[in-house]
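A single chain, nothing else alongside it, follows as structure tokens in the form predicted on its own.
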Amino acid sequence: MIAFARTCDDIAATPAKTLKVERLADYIRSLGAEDLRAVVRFLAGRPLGAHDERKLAIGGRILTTAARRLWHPSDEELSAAYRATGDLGDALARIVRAPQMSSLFAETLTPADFATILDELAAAPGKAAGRRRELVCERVFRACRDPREVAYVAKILLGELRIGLREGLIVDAVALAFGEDSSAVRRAAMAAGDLGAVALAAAEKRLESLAITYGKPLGFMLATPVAFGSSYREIAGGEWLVEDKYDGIRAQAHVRAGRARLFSRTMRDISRAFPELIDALARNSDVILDGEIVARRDGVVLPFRYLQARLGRIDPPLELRTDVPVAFVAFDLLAVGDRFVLDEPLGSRRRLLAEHVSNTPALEIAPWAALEAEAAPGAIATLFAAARARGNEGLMLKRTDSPYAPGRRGKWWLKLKRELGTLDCVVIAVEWGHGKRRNVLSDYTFAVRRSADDAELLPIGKAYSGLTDVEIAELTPWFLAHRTGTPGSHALPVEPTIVVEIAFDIIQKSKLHRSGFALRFPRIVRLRHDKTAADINTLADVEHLYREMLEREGVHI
């Protein structure tokens, strides 16, 4: 793992993508088969494999307990190390004493050794495994020969590598390392669903042996947001179709040999939560579909808050299924039979979708219309209003010649929705970012006032998008200089001074925040330098917006 740690540090310090790929390719080319599989999984953030639904159940407390037992740092030393780095793995590397040997490993901890331990940890049973996890982490730390090795072992255990390495760059590195075409490696990754297994196949010149595997979800294609009411320059040229943007949960359906499974955007199997959809899907031929699960009654899509009652439920009772009926709206086809169709244009995929999927009350093909770019502003306004009247969020604009690019957000697909409103809130806590933002405080927890006369601050959400890199970089030293408490492994409390305007889609009742509400998809519109914490919105403002939202939905309270 020493070589792995040094390579990760090198990649994190290298800004140029081409150099990242070259250096990673040199490293993975040097690995043996079992280490190669493990290393690529670690780099992709999937230490147990992309479709292994087991959990390591390793958190900061377990790691710090193991570190205390092994190196005996004081609480002040641990706290100072975390404040200086903002990353628990890097913090632990700073408090390492003299390396110690362990009888667990004869020489060094290899990636393959570590992968075996991770598999054993994931298999450990329930609550009784907590103590065992601490002991295993301690033994793994003891086997490390270098502080940076400790850092990356901890990062992998926590699932937070943070070296600015996207999956696309790993694919390119695998291709470069073994003389394969990037598109062939990417296709194999989509088929196998495990980048570690794909790297091994590339090394052994057997990529073509990796066929479509039904039951292993692919990455989802993403859309780029477009502001409602803009000039829509993004759609100039090309042919576009427009469809409703549904207010549900994105899902991928795999139908094979009369059996069906559903997967969420996090690759989790959610089949048992929606048995009526499984029954409807299973009547179709072998296909992989992309679509949205919506709550719908009498042909009308219900607001997302209705669907929430179904989320996380396994084998829902008939009463709940009757009260909140659901449907799967299919809007893309990824595979038919044993053939991937991702590289075929959207227009062709739509025709195949119509040929292979039959509409039923619980399953339908998303309606769509052609969009003339010249008439876009007026036509979009009309279509947007109609979509909102049908209970949907807004519109999706898609180029008819677009391929299906899993995991990528580009200009092929655009999403258009209008925020419910905005709230002025004050930042009360911050967290270190990920990837290229790992060294700045970019995740902000924000709050509203209890009332105009009561200055108590009530948390209502967290946002990490909307500000520019320059704004975030400028705010980071301010937040560090104005922290108000000792940070834990995540949030750093700060003085409630920075006011931000927050846009959002929906207000929901929530027990998660002391305000009693949560904002769905919050994002920062701008910094409000002209306002102080005394000027921010109050809980009454939130309640007013919530009532307005319900009234628009026809719910009277």
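Throughout, we count residues from 1 along the sequence that is shown. Treat the numbers as computed from the prediction; the structure is a model and nothing was measured.
Although it is not shown, the form predicted in complex with adenosine monophosphate (AMP) is what the next lines describe.
* Asked: Heavy atoms within 4.5 Å of adenosine monophosphate (AMP) in the predicted complex: which stretch among 152-160, 194-202, 215-223, 268-276?
  -> Stretch 215-223 is the one.
* Hey, in the predicted complex, does residue 449 get a heavy atom within 4.5 angstroms of adenosine monophosphate (AMP)? -> Although adenosine monophosphate (AMP) is absent here, residue 449 would stay clear of it in the predicted complex, with no heavy atoms inside 4.5 Å.
* Asked: Would residue 384 count as a contact of adenosine monophosphate (AMP) in the predicted complex, using a 4.5 angstroms cut-off between non-hydrogen atoms?
  -> Output for residue 384 is no: heavy atoms all beyond 4.5 Å of adenosine monophosphate (AMP).
* **Non-hydrogen atom contact residue 304 with adenosine monophosphate (AMP) in the predicted complex at 4.5 angstroms** => It does not: once adenosine monophosphate (AMP) is placed as it appears in the predicted complex, residue 304 has no heavy atom within 4.5 Å of it.
* Asked: Is residue 296 close enough to touch adenosine monophosphate (AMP) in the predicted complex, meaning at least one heavy atom pair within 4.5 Å?
  -> Contact check for residue 296: no, nothing within 4.5 Å of adenosine monophosphate (AMP) in the predicted complex.
* Asked: If you check 186, 349, 398, 254 against adenosine monophosphate (AMP) in the predicted complex, which one has a heavy atom within 4.5 Å?
  -> Of 186, 349, 398, 254, the residue with a heavy atom within 4.5 Å of adenosine monophosphate (AMP) in the predicted complex is 398.
* To do: Sort through 390, 283, 409, 206 and report the residue having a heavy atom within 4.5 Å of adenosine monophosphate (AMP) in the predicted complex.
  => Exactly one residue meets the criterion: 409.
* **Contacts with adenosine monophosphate (AMP) in the predicted complex, stretch 319-346 (heavy atom within 4.5 Å)** => Read in sequence order, the lone residue that approaches adenosine monophosphate (AMP) (within 4.5 Å, in the predicted complex) is 331.
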